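In the form predicted alone, a lone chain appears below as structure tokens.
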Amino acid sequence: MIRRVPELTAEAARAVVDAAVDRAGRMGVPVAVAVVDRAGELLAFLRMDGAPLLSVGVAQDKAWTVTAFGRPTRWWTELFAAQPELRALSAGRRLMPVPGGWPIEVDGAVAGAVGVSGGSAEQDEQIAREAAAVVSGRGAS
């Protein structure tokens, strides 16, 4: 049996980055934005002027975490709060259990993800969620 899954295009990834940068700019929050395909490989990236250097890797790891597990990164924050012993899972790995990573879903499947870093956890998540929405929910074409 063969399963068809949506593939995030470079054009879609660029649209997500543009939406994130636009939203972050209106909020006055300089961030780094990473968009990855469903395998967690980088498709598009931008670090806004003034965004912390550390945000580069964090944004990419947030996006990777989403595709590795198919859930927003906030899920990990909540899981670790409930079961602190699981924090060892993130030691020395790319797992980024911090809000700001959001899935990009097409036809009910995760086609990729966006990771945002540079603001507060809530700001990063809001930017990522809104940016993913420019592609999420649209049928594959």
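Sequential numbering from 1, following the sequence displayed. Predicted, not measured: the structure shown is a model, and the values here were computed from it.
The same protein also exists as the form predicted together with a further copy of the same chain; that form is not shown, yet it is the one meant from here on.
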Original post:
Though only this chain appears here, would Q123 touch a further copy of the same chain in the predicted complex if you measure heavy atom gaps against 4.5 Å?
Top reply: no
Original post:
in the predicted complex, does R74 have a heavy atom within 4.5 Å of a further copy of the same chain?
Top reply: no
Original post:
Is there a non-hydrogen atom of A12 within 4.5 angstroms of a non-hydrogen atom of a further copy of the same chain in the predicted complex?
Top reply: yes
**OP:** Spell out, yes or no, whether the shortest heavy atom distance between L86 and a further copy of the same chain in the predicted complex is within 4.5 Å.
**Re:** yes
**OP:** Using the arrangement in the predicted complex, list in sequence order the residues of 37-52 with any heavy atom within 4.5 angstroms of a further copy of the same chain.
**Re:** D37, R38, A39, E41, L42, L43, A44, F45, L46, R47, M48, D49
